[in-house]
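Next come structure tokens for two forms of one protein chain, structure 1 first, structure 2 second.
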Structure 1
């Protein structure tokens, strides 16, 4: 999905909050205009920023994984040099607003507080070597010790929450590789998503093979694994970068958070939650086991880059492997095989109310992520329609979603049991805000054309996503406003406050908690539409 207007505004706000307004101008230039060279940014950015400053900011944003450099191979026979361009990584910028989720909800739960402490270091600094992590730990109040840091980093890499940094300046071929030309080696499975956009091509070219990206061997010493020189990073062509920011001072591996895996775990957690809400605890336990089985099977299969992380479906798995995984947990041990089979049957069932969450085929089971996520997306859409436009609009919206085709106004009124004279106004309101698609149908002999209405899920999703970015920005701005309004009060120590001042301080705290937690939950909804 291309970035929406408020997506850009929100991303720029995040960069401003974290790196200041000059950095945000560079970022905004890239987000609005697409990939540019540093000279072009210097020329085009609002309030001309000199070239040297632009380069500094670009290095800062690259350090923090918000920008990726690349170049395109000049045409054959051309004498021109490939120009380095920069592309803003919109998703990574948005991830900055959810770093605490990666730490607390994913890594802390799975690997413990030491690992989440190491991840926090990588998240706040963008990318670090092991040595830098150890140095950082020495300066902190609660020291973990170098052994614990090394051990935690190894666990994080093994779990793929941390990866080696990608190639600093991958070179893309200038020929457009169509699907017919892409078949090198094993044909990618149809259940995996093919890279399409320029950003995806760039990231694909920059990402090393798994064996290098998540090195298995992890020895002590400064050259802990194969160093980050160009020959090891990518299969594609490389050129000497202008500044070598791939390796640390002693040629160590540079590590950074692997957002792909962190988001994947959040998606899995969301799927388990959705199954728990819509089915029951038993089905949720079975789903959790299936996701775990899927992850270990994918890990074994992933020896090269051509096997990408599945987006829409899991790998197929047997009932036996699901049950074996399930009984590793306390809750799973209470479930008999019959109960598990019943849950799988429930998860595979389709009704007009819920789609199937699992596909059963010849005794194998596949998790249908798209189906599970679509249920939560539908809930979000319908909740907004209900709150913003009312019960009648809600019925109309649900009717049109079911029909999934153009329907005439009167038919909608009949189905939704609403007043025929009021129905057009309700539909027009939703249409004006982008929640419905409308077409006029002129019929011979009828003076007023018929109006036909439809819910176009892609258009509504995009509209909602834009509004959610807008809302997230609003929550952040409101929190800043509340904090600014009480900045003098906040300077006073809490224990010295009494009476009205204490009450005001408590009220500020309650507002702050409400705004922060609302933004936290809204971000879950944003991930449903953008990341999952």
Structure 2
């Protein structure tokens, strides 16, 4: 989904909060104008930033995974050199607002507090080597020790929560050469289609093969180059440069958080919660087991477009493998195989108001992520319509969503049980705000044309996403305002506060908790439409 206006404003605000106004000017220039060279940025940025300062800011943003450098091969026969350009990674910038979710809701729950602490170091510093992680631990009040850091990092890499950094400046092939040309040594069945967007092409080119991206360096020692051996590169992937671009000066591997996997785990948690709300606890337990079974294979089930494209279906899995995974948990051991079969039947059922969450095919079961997430998106859309336009508009919107076609005004009034004289005004309100698509149908002999209405889910999703970015921006600005207004009070020790000062501090704390919680929940909705 393309970036919206308030999406850009919100992303720029995040950069401003974390790195200052000068860095935000560089980032905004990239978000609004697309890929640029460092000299073009220094010329186009809306402030007086010299070229040297621009390069320093770009290195900072690359360190924190907000910008990716790349270059494009010059046309054949051209003597000009490839110019390094930079592109802002919009999704990675938004991820900065959900670092707490990655740490507490994903890693801490699955791997424990020590792994969560190591991930916190990578999230706050962007990219670090093992030695830098150990040095950071020595400076902290609660030290873990070098062995605990090493073990935690190994677990994070094994779970794919942490990855080796990508290529700093991938070179894209000239687009004119076309998709028909084959890469040397690649089988025809292994060749992927060219990604649609430039950002997807850049990320695909920068991402190394799994043997390099998730190396098992701890089995051979931290200085081992086993992961860089060409024999470990799966056939059909692009050849990596000979220079070890993912290592520091001491030949140590540089690590960074793997946002792709962290978002996938949050998507899995969201799917389980949706199934629990719309079905029952038993179906949620079965869904959780299915996601566990399909997790390892899901990493390989990429779509045509890019490694970053969301996966809409899991791999097929048998009833036996699902039940085997289910009985590993306390809740699962309480369920008989007959009960599990009944839950799978429920999940595979389709009704007028609920799609099938699981597809059954030849005795195998496939999780339909798109159907599950679409239910939550539909609920979010309808709740917004209800709050903004009232119950009658909600019934009209729901009816049009289910019909998924153009419907005339009178039929909408009959289906939604509303007065025919009031229906056009309500529909026009939603149309003016971009929630409906209207079409006029001229009929011979009739002066007033028939009006047909339809919910365009793609347009509504984009409209709602932009509104959510705006709301999240406002919440963040209000929190910043509250903090700045009480800056002097927050410097005083809590135990020394009495009377009115203590009451002011408590009021600030209550406001801060409320605003943070609201922003936290709003970000869940943003992920539904943008990341899942």
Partner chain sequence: MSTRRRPAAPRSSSSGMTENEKKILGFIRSKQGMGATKYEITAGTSIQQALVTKATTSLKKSKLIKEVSNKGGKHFLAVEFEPCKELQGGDWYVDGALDVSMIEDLKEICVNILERLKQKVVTLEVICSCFQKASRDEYKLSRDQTKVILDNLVLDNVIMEVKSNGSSEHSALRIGEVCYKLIGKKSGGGEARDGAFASIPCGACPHIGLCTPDGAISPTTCVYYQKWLDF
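So that the term is clear: the rigid core is the largest set of C-alpha atoms that superpose within 1.5 Å between two forms. Numbering follows the first chain given and starts at 1. What you are looking at is a predicted structure, and each value in this text was computed from that prediction instead of being measured.
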item: Form predicted together with its partner chain - which displayed structure it is; value: 1
item: Two-part rigid motion between the two structures: residue 287 with residue 503; value: no
item: Smaller rigid segment rotation relative to the larger between the two structures [°]; value: 10
item: Rigid core superposed, the C-alpha shift at residue 495 between the two structures in Å; value: 3.7
